[in-house]
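First, one chain by itself: the form predicted on its own, in structure tokens.
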């Protein structure tokens, strides 16, 4: 049984948190509700305390007592911003600032609020500190709009809570394992200023590194020009070019789990200029040469009981077929295919939708936050490790 602080913030989704309390209490957890003033406009604190089967206390500091987990569901854009910036102007944000354990949040807001640059930055800040995000989901919103912003269903949140609590135990297969993750996109110099690159932000790889760290792994992140902050608690090695990434990956090829998420350039300029090439009227013809296949090299030299994961950023059905072939050719245990021909997932998006290819078969993973996709991938890694 765990002691869980459940923060509820203002929004129509607050009523769903009542079901979440029921599920957590039924699972045997001690739930202490903390409602913001906005939340009480929708559901009273008395309702939550009754569902939690406890009386409201006169102790003004009960929200500051130790808890195994802090959950905020629903999490509004306003409270997300306050958590990201360390404000403590009500009981919930005071509890969050004093809490020294894991944090799980379930955002709920208008789609345009969720997609705003400020909200995205605040979410990335919390993720970098280790917060686990569940949702938001795509669907019809309270105001009649359709898009990403719905709070995840209570059952989904409860499952994520159990997984997070289980992850703090010693039985998780990743505890004490060495995990190597590559993230971002390499840049191959044309001259001292220009480069050939791609649109990968590194979000997927960062989410995987963060999730592996949360599960107790010793994580090294090969960072290729990340557009997002690397998570706390991992070793970061900068690998701006394909050659850099190849060198650092092969130097750490004895890791227990290797997850090659980075978009490594397939080609690089054969003869980059030593200085900046001045602009002129004449065309500039550049000859490209292929780079080394890092994943294939890792697969060829893999040791027994090592788990190797590759990613295939491709398009449509033909891309899925190529991912199947790559998994076999490169001796990978898992290949994750994501359709980069779509604009709503993949490169530089907060969400992804993938097909997971492994010895357990092929599984479609519906569109979700990249943190959730990361958890699904590492669940499959843990399954393979357990079978070994």
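Numbering follows the first chain given and starts at 1. No experiment lies behind these values; they were computed from the predicted model shown.
As for the form predicted in complex with ligand CTP, it is not shown, yet the points below apply to it.
**Student:** By the heavy atom within 4.5 Å rule, which residue out of 217, 164, 260, 157 makes contact with ligand CTP in the predicted bound form?
**Tutor:** Of 217, 164, 260, 157, the residue with a heavy atom within 4.5 Å of ligand CTP in the predicted bound form is 260.
**Student:** Heavy atom within 4.5 Å of ligand CTP in the predicted bound form: which of 92, 312, 148, 80 fits that? Just give me the one.
**Tutor:** When ligand CTP is considered in the predicted bound form, the option within 4.5 Å is 312.
**Student:** Taking ligand CTP as it sits in the predicted bound form, is residue 273 near enough to touch it, meaning that at least one heavy atom pair lies within 4.5 angstroms?
**Tutor:** No, residue 273 is distant from the partner.
**Student:** Check residue 241 for me: does it contact ligand CTP in the predicted bound form (non-hydrogen atoms, 4.5 angstroms)?
**Tutor:** Taking the distances in the predicted bound form, the answer for residue 241 is no, it never comes within 4.5 Å of ligand CTP.
**Student:** Should residue 48 be counted as a contact of ligand CTP in the predicted bound form, where contact means heavy atoms within 4.5 Å?
**Tutor:** No, residue 48 stays farther than 4.5 Å from ligand CTP in the predicted bound form.
**Student:** Classify residue 124 as contacting or not contacting ligand CTP in the predicted bound form by the rule of any non-hydrogen atom within 4.5 angstroms, answering yes or no.
**Tutor:** No, residue 124 sits far enough from ligand CTP in the predicted bound form that none of its heavy atoms falls within 4.5 Å.
**Student:** Can you pick the stretch from 274 to 282, 191 to 199, 294 to 302, 100 to 108 whose heavy atoms fall within 4.5 Å of ligand CTP in the predicted bound form?
**Tutor:** Result of the contact check: 294 to 302.
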